Structure formats: C-alpha cells, structure tokens
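One chain follows as structure tokens, the form predicted alone.
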Amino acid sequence: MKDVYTLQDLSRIQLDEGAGQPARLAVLGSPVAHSLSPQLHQPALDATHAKLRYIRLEVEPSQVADALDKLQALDFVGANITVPHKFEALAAVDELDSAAHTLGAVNTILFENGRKLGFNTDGPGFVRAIHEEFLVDVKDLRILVVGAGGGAGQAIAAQCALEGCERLVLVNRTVEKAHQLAGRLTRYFESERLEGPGERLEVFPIDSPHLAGETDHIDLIVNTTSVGLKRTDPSPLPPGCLQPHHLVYDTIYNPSPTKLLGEASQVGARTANGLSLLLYQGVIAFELWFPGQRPLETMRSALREAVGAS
C-alpha cells in the first residue's frame, strides 16, 4: 500500500496490492500528501463495517476528468476534491446539486447509476465550523474573505451571502475574479435597509492601501488561500489589518498555527484553524455517500488522534 497514489496506479491490481480492503474512496489534490482526509474517513468507514479503503490520489491539473472516469470504472463510491481542482471538477461532473451550482465549485463526488454527481460541502461545513469555534452565526457577522477567487474562497463567500451575513468583503490577488463573484452575489444583499448592496458587498485587491481601514468594520476574517501551507510563508494579509476584536479563521490546518493565526493571536484576536471545516465538510460528504450514517463523533475522535500524532 502507498501513502499517495497516482493516475498510473489506478488499476485494481496496483490499488489493492497488499491491502486487506479494496480502495473505493479517494481525495484528489495536488499536492495531496498532507491531506488528513484518510485519517478522517477511514475510521468512519471501519465503524460502519463497510470494508472499504480511503486513499490519497495525486492528480495534476487538467487530469481531473480522466481521474474521475478511471475511479468510476473501478466502482468507486465517491471522492473528495481539494485544491487546486474544485473548478475543474465542476466541469467534469454530469449533474450538480443546487448548492454546488450556487457556490461555483465541487468538492465532493458521488458515483451513482453511471453518473458523476457533484456537491459542495465546504459552504455548509464552514457555517457549522464557525458556530462551533466562536459560538456565533455567520448570518450575524461582517465577513472578509481572503482568496475569494479560489474554489474554497468562492464557496465560503457564496455561503456567507446565502446565509444573509451583515457585510461581505471579497479580497483577492486577481481582483477581476472577485468582481465576477460579487456580480453573482449582489442579489443576496439587496434589501429594505438604507444602505445599498455596494456598501454591504465590496471588493478589494490584496494590495489595496484601503484594506487595513476596511477591517475596522469587519468581525470575521477568513483566509482561503494556500498562503500558509509552508512554514516559511508570510501572512496573506498586509500589515495593520488585524485587530483585537476580530475573529480569524484560517482554512489551513497544517501547519498550525499559520503565520496569520500567530499574528492574530499576538494582537489579541480569537483564532481557529481549518480542522473544524475539514471535520464538518467531511461529515456532510460521508452522509452523501452513505445515507443514514451519522459519523460526526467517530470522525471528531479520529481527527483529534491524527492531529495529536502529527
């Protein structure tokens, strides 16, 4: 058995060599070796006596559709999709659920009756994670999303809009992508309030000199970029943006703490990393693959053990 498989390994012989259980679920990413998804899902599979194995699959950009075809031919139940493949997966499925369509990215695949069904559990998982970490509801917050052009960033931002959050600020290095997302989300901020949608929904480039001032009017800062995956990475935010009243959530969970969370703690802000998002998006995905199962506590215990062992 391998820690990470590739497309070249996708045959029954190579997948199941030396394994007591057949591989039927996978996480697709690049890189994917750091993913804790197997440690999260395998105990839940074992608890259901499914006798199946969950694997990591390294997939290069432009290979997602091919990988999904191969997994489907091998009778896989489904797959999780992580960076940078969530947009590519959106185009590779046969059918989207309404949430994935609205959120604009796919992170969960279900193979059913010869079709690839696409879902997004990032948005709903994020809502549950924020409530667990900070005991507040997304709908009551003024939120700034860093990396709003990426798959996770778009899904989380769209979910915030769907929840009716008080204010949403989209920040991205390529500002055109954030403006495109804002165009899709404007209708969720039109209301009877005195302020217009432009005041409740705004877009800034990451290097804007006005960004630090905008954070005066923000409750929750969310990093959805990959900046922080390496211990040598800087903070994804320019200096002066973090304040003591902020809640700061970094979707990166390894390494922990990231530079962003370290700086936030230093100024007195409350912080949390992406483990809770990993937990809840995983729970929702598992329930899609195996309806009627309730894996939350099994997955929570497994995740704590995996983090403690890392």
Ligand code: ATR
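Here the structure is a predicted model, which is why all the values come from computation and not from measurement. All residue numbers are counted from 1 along the displayed sequence.
Beyond what is shown, the protein has a form predicted in complex with the ligand; the following relates to that form.
I'd like to know if Asn120 sits close to the ligand in the predicted bound form, meaning any non-hydrogen atom pair within 4.5 angstroms.
No, Asn120 stays farther than 4.5 Å from the ligand in the predicted bound form.
Test of understanding: in the predicted bound form, would Asn107 fall inside 4.5 Å of the ligand by heavy atoms?
No.
Do Thr174 and the ligand share at least one heavy atom pair within 4.5 Å in the predicted bound form?
Answer yes; at least one heavy atom of Thr174 falls within 4.5 Å of the ligand in the predicted bound form.
Any chance Val93 has a heavy atom within 4.5 Å of the ligand in the predicted bound form?
Looking in the predicted bound form, residue contacts with the ligand do not include Val93, since no heavy atom lies within 4.5 Å.
For the ligand, considered in the predicted bound form: do all three of Gly149, Thr224 and Val227 come within 4.5 Å of it, counting heavy atoms only?
Per the other structure, all of Gly149, Thr224 and Val227 touch the ligand.
Sort through Leu162, Val203, Leu220, Ile206 and report the residue having a heavy atom within 4.5 Å of the ligand in the predicted bound form.
Looking at Leu162, Val203, Leu220, Ile206 one by one, just Ile206 meets the 4.5 Å heavy-atom criterion.
Determine which one of 208 to 216, 141 to 149, 74 to 82, 107 to 115 lies within 4.5 Å of the ligand in the predicted bound form, judging by heavy atom distances; exactly one does.
Stretch 141 to 149 is the one.
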